[in-house]
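Have a look below at one chain only, the form predicted alone, in structure tokens format.
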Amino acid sequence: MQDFLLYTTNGLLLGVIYALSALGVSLIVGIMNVINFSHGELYVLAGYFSALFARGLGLPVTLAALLAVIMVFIFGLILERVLLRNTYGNDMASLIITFVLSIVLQNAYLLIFGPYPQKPPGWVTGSTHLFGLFYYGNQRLAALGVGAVVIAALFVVIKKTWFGKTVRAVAQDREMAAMLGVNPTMVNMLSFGTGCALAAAAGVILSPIFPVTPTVSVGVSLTAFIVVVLGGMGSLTGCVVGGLVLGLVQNLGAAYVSSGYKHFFGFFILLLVLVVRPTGLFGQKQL
């Protein structure tokens, strides 16, 4: 029981981070119909920014993490304006641009930061005795809690605020939303920036535990795409459920079968779901 609870807690932690990262992909797909291949590179960029601000400039770790997310959000706005805005309606062009961007960013990171792992300082130290059975690192517990809060905040914004209503209106009927006074171009730009900021949030939350390197972005992007397809393309609820399912299956499978098959379990559960339900767990494109 002790080992099972430990592996389950690890699975929940990774599941929350998987969901957080995948929500950014799903939001951009749902609004702009753009598959952002550079999503993982934005995760890594936030990890580098967080480490640079905290270790290089001496800022408090929480302020460094917040600044890193804001910087990536602004970077996302610039990318949308400079690279993607002229490709609306041409899915293949945006696909190629983001794919090339991911390669450019990986090589830029390698040139600037080198191939060595880097991570910001931890937010907290020590460990907590959970369930009276095992000790679990406070940094991991903090990451789990902050990730869950960010996800809950996103749902409140999408479901309860004026911005969320305009986003859902554009996702459902762009022309009708424009006739009612919504600016779809502005919604696109803010949605892309928000999607990038969600990747950044995942990066600053997880990088104190798992350091970033230029090539770790490939796994981040791949996992986010698996979660999006598993949960249902464009479904935010599906991203959360898909992320938790993937995190738990990977960790329990690695613990009780073999860690060498960790990624295989993810692909297997994805294949199984797609065979039974080709549209993913939550089917329709719906924010």
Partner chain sequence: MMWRKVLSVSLVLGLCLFGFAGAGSTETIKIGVVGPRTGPAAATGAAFEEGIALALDVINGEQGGILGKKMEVVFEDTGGTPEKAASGFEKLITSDKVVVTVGESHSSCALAEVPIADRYKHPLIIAEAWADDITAKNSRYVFRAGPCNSGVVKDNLLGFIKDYGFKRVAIVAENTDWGLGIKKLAEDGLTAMGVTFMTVETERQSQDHYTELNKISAFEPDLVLAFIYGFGVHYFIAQANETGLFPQKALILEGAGPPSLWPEFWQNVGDAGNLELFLSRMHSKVDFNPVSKKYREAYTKKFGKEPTDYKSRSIYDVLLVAADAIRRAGSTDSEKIVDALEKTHLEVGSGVVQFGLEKGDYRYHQWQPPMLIVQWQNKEQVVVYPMNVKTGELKKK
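Residue numbers count along the first chain shown, from 1. On a predicted model such as this, the values are computed, not experimentally measured, just so you know.
One more form of this protein should be noted, the form predicted together with the partner chain, which is absent from this view; the next part is about it.
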Exercise. Counting only non-hydrogen atoms, which stretch in 160-168, 176-184, 82-90, 109-117 is within 4.5 Å of the partner chain in the predicted complex?
Worked result: 109-117
Seminar exercise, completed: The one residue among 210, 99, 123, 155 placing a heavy atom within 4.5 Å of the partner chain in the predicted complex is 210
For this session: May I ask you to state whether residue 137 is within 4.5 Å of the partner chain in the predicted complex, using heavy atom distances?
Result: yes
For this session: Give a yes or no for residue 260: in the predicted complex, does one of its heavy atoms lie within 4.5 Å of a heavy atom belonging to the partner chain?
Result: yes
Problem set entry | Heavy atom of residue 14 within 4.5 Å of the partner chain in the predicted complex | yes
Exercise. Are any of the heavy atoms in residue 248 no more than 4.5 Å from a heavy atom of the partner chain in the predicted complex?
Worked result: no
Exercise. Does any residue in 1-20 get within 4.5 Å of the partner chain in the predicted complex, counting heavy atoms only, and if so which ones?
Worked result: 2, 3, 6, 7, 10, 14
